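Next up: a single chain in structure tokens, the form predicted on its own.
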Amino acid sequence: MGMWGIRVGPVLGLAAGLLLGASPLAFAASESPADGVYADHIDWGVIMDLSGPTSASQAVWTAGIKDYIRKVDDAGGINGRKINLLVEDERFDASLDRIAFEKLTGQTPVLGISGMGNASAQVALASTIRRGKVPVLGSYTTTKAVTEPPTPMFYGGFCGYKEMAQVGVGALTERLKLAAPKVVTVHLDTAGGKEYADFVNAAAMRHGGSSKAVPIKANAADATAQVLEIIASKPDFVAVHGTATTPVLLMRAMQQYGLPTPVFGMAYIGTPIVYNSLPPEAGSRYSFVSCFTPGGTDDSAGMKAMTESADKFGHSAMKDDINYVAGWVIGQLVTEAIAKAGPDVTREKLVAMLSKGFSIDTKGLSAPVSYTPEDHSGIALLKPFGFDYATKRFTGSGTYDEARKYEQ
């Protein structure tokens, strides 16, 4: 069992009618214990921060993937097998990521791993992942170290840093009618934060502008120093990379100094807790870009199914959180991939199937999640979102396809 000791019930594969009408006894249950595959269950790993500085987001994501698997549990199983989630808490500590990864690939073998939300740890483990036999499917963060060039052992599951930067910079540049945007990027002092700041800089330069990177600690309790740098730099707008705490600290400090500069955050920090922690006059200046649709934004089929399950499983308070939506989608991704790999699934068969190309339809919760042999990012289209304090609901700007113009 994982550090949470979570055992999740039987899961039904939903991939494009693969298992429609199949009973749990329809297939002979072969075993491959070295791959985490047994006659009655499949072990699948999750590595996330459940008690550290980013747990407010990553624990919500973990609830989302659990709930999707619980939902399909009620329908019967993937070729008669249950999914047993082995969840490891890495507490946003790269050394614990390595321990968890080695445990799930050797000591308690799993068919695959999801999550891995620590960008610095992901970069440190990149060569190990590439040389290994356990695929990472549906990551919480996606770095260049594991996607450029693509490897058959890694498939992203969240909005890409480059796309978030491009859509955020492009949308604000257009809305503010800027000829050459001047941007400040406040980012966590991590490998992922620095990578994101580089992408914001490239996006700003594409529009004839420039940017300045200003780091902040993940456990920071104040953003005064960063706001003073913003005041000195006089940017047209600010980009934020961080945890849910980061934009709250930043927006409060900006309000204290009377700074009305617009701010956009990455998808991870487009959450109810951010807006609920800010007064409307500050929160109305904050937007975010996301490849996932926050709960309550529309009435798509995917939204209805997710909302019903969140209510059923006691997670009504999480369903509007972009991280819950992301975890839910990865639950769908994992179960459909296992189903498509066949009744006698092994790591080798799963990787072979994914390497040829694979996609899922989230029915409105995002644009289609697609992998090709040349691109393992997964989700490519994003759009801007904001929050309406009068209705207490998230609002989207346009469609995912319409925002494609900002990406390259």
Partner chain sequence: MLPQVLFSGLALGSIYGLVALGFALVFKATDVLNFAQGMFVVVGAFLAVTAGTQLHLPFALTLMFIVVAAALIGAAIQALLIRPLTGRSMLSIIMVTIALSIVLRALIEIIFGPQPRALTTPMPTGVFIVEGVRISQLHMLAAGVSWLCLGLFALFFRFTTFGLQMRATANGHEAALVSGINVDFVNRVAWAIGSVLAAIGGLFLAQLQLASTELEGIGLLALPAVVIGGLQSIPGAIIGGLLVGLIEQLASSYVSPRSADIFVYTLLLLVLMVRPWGLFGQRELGRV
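Positions refer to the first chain, counted from 1. Just so it is clear, the model here is predicted, and its values are computed rather than measured. Each form is matched to the other, and the largest set of C-alpha atoms that superpose within 1.5 Å is called the rigid core.
Below, we turn to the form predicted together with the partner chain, even though it does not appear here.
- The contact with the partner chain in the predicted bound form, taken as any heavy atom within 4.5 Å, belongs to A317 out of A75, A317, A301, L176.
- Contact with the partner chain in the predicted bound form, judged by any heavy atom within 4.5 Å, is made by just one of A341, I360, A59, L365: A59.
- At a distance threshold of 4.5 angstroms between non-hydrogen atoms, Q332 is out of contact with the partner chain in the predicted bound form.
- Put simply, A180 is far from the partner chain in the predicted bound form: not one heavy atom of it is within 4.5 Å.
- Taking the partner from elsewhere, A305 is found to have every heavy atom lying beyond 4.5 Å of the partner chain in the predicted bound form.
- Under a 4.5 angstroms non-hydrogen atom cutoff, the partner chain in the predicted bound form lacks K133 among its neighbouring residues.
- Of the candidate stretches 282-290, 216-224, 200-208, 150-158, only 216-224 has residues whose heavy atoms lie within 4.5 Å of the partner chain in the predicted bound form.
- Taking the partner chain as it sits in the predicted bound form, the stretch 249-264 comes within 4.5 angstroms of it through a non-hydrogen atom at L249, R252, Q256, Y257, G258.
- Annotation: Cα of K319 displaced by less than 2 Å between the shown form and the other one, core superposition.
- Once both forms are fitted on their rigid core, the CA atom of L104 lies less than 2 Å apart between the shown form and the other one.
- Core-superposed comparison between the shown form and the other one: the C-alpha position of P152 differs by less than 2 Å.
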